[in-house]
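First come two forms of one protein chain, each written alone as structure tokens, so that there is a structure 1 and a structure 2.
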Structure 1
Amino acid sequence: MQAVIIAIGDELIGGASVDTNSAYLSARLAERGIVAVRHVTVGDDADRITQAITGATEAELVIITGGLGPTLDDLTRRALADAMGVELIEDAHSANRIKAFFDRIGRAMKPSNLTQAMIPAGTEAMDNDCGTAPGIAARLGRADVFALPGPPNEMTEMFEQQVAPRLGVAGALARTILHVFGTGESDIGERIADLMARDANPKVGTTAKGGIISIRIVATGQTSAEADAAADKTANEIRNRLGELIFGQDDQTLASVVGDALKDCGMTLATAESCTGGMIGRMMTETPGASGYFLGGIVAYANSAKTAMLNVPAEVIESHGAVSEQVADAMARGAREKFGADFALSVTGIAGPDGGTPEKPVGLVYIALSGPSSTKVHRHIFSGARDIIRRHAALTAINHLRLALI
């Protein structure tokens, strides 16, 4: 079963607001085995709305959000009636509900509010428990058409209460997302190319965001057990191929995975950050309960701070430079000692855009991990803008700790 989702509003087409309704509906439909094939957004323009509705009836399901308000620029009712070739008529039940709503809140009803009770002849009004605009359930050609109010809280409530029960569900659906760090999307794409075939079940796709590659696996089956088994089989195949490049799944983050691993072995972490300026600390404390394993860190941005706060000898900085293997090593040891932590991560590098030299280019970052038995320094060259270099350095540091813990 295929669906088209239409969002209506000048604020959306003009760019003042981002449409979140369509993504919400796509995800809810996908869970029911219904595939959204197109999202369309148009402004508050009756002809364009009519055209969008008519053009959508190639699909068996059309869901429209927005344009059901009481003002002149709310035109979905009119456009749907035009697409169906019928008149608007007042729905007595909805008119009574609107009157009762204004009585309840003790505000005078404007005549314009009653326009919200107008629906195309031959359609059905759907009660709105969060606002005044009823929804509309219609049939156009072979398509089921549902018009829902635009405000997300009203829309989601009406979808769950009124629309979802009217959708037959074709089989069951299972979804797993695996997260990868340490290589590019193209590398992953090649390693699992055979699993990414267009019509395969499970369907496998990748997305990259902020250095993390996420692999989505969506399986369908006659039953939940069948869908789950298909998703698990593919997930395990991908785990076998990518090994420790995969750091987690679903809601997990690099920091939460490392936090869990530290918690499991009762170990603690401290940080010593230069060019990342506190990013590792911020990431490690994103997860509630981080105080169980994250003791704290030192942002040693100035050289004097590296010496005073982390006991990095001034002569080491002088002879090797602040961005060097030796300084990274001393920073990690210093942080581990100062905080009394089991592990310490340090980062020193050149985030740019200035400050690079031929020997030490922008993007050069030394990351040290000091643990109970040894301190190891890793040299990296990251590319991109300052922010991207800093973010990759922070994630890479956390990943070094993850690899040490497994």
Structure 2
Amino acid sequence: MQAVIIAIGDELIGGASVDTNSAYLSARLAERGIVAVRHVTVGDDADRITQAITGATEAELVIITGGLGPTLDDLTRRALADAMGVELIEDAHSANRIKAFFDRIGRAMKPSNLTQAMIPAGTEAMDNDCGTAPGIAARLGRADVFALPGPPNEMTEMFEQQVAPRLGVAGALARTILHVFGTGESDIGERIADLMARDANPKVGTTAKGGIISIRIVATGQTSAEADAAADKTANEIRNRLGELIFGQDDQTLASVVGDALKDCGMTLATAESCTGGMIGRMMTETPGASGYFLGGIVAYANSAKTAMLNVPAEVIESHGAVSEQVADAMARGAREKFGADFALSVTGIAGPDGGTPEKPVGLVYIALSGPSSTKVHRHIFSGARDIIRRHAALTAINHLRLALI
């Protein structure tokens, strides 16, 4: 079964509010084997809402959120009536509930509140136990249409109590996300192109965010076992093709995977950061229990701090510059010794936008990993704005440790 979700409101179009309702509904529908094929956001314009509803009935299910309140910009009920070609009528049960609500809280009810009791002829009002605006259940063409209030707490309650029981289960869906670091989205796309056919089951797609490539695998089946088996088969094929580029799946992060690996082998980590300003330490400590393997870090931004806190010889900085293989090496060794850690990561670079030269351009970063047997320095040149360079450098440093642990 396919669904279209329509979110109504100028505040969504204008960016004043974020539409969390559509994401919630998509996830809850997926659990029932119902696939949301389109999200539509429409401002407070009756004609446009009517067009959106009419255009959505190509699917078997349409869920609308928002626009059911008592004010002049609440136009969903009127738009739904126009799409159905019927008039609005007052639902007596809803009107009585609205009046009883105001009596219960001891407030005088304004006449405009009874607007919420108006529903298209031939539809069903759905009780709202968290507010005054009832929902609406309708049939338009081959589609079941449900109009729900916009406030997330009201929408959630009405969906769970009124809509979900009517949907049943259309099948089963299994979802797996594999996370990749160390190559670009286009490279990943080429390696798994044959698995990304639009009519395939499972469906496979990629998303790039903050240097991480996520590969989505969504499988459908008649049963959960069938869907799980299809998703697992495709995930294993992708793992075989990408190998060590894949660092985790689902809710795992690069830092949490490295933390688990350190914990499993009983080893510890310290950091020495310059251009990343403590980002590696922050990432490593976002996982609960990080104190079991992360001993601490030093942000040595100034050259004098590198010398005073990490024992980097001043003559090394003078001879080679703060951004150099030699300084990165000395920083990592100094941090490992300072904290008594098994491993130490160091980062020194030019994040920009200024400070670059032809020999040492903006984006040049040296990352050193000092371990029980050796210290190795990696040279990278990252592109992008300052914050992108810093984040990519921090993630790359953590990934070097991941690969070393493997």
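As the structure is a prediction and not an experimental result, all values here were calculated from the model. Counting starts at 1 and follows the sequence of structure 1. Take the two forms, find the largest set of C-alpha atoms that superpose within 1.5 Å, and that set is the rigid core.
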{"item": "Panel number for the form predicted on its own", "value": "2"}
{"item": "Rigid-core frame, C-alpha of N96, shift of 2 angstroms or more between the two structures", "value": "yes"}
{"item": "T71 C-alpha relocation of at least 2 Å between the two structures, rigid core basis", "value": "yes"}
{"item": "Rigid core superposed: T285 CA moves 2 Å or more between the two structures", "value": "no"}
{"item": "Between the two structures, how far the Cα of A108 shifts once the core is aligned, in Å", "value": "4.6"}
{"item": "Inter-form CA displacement between the two structures at T132 - rigid core frame, Å", "value": "2.6"}
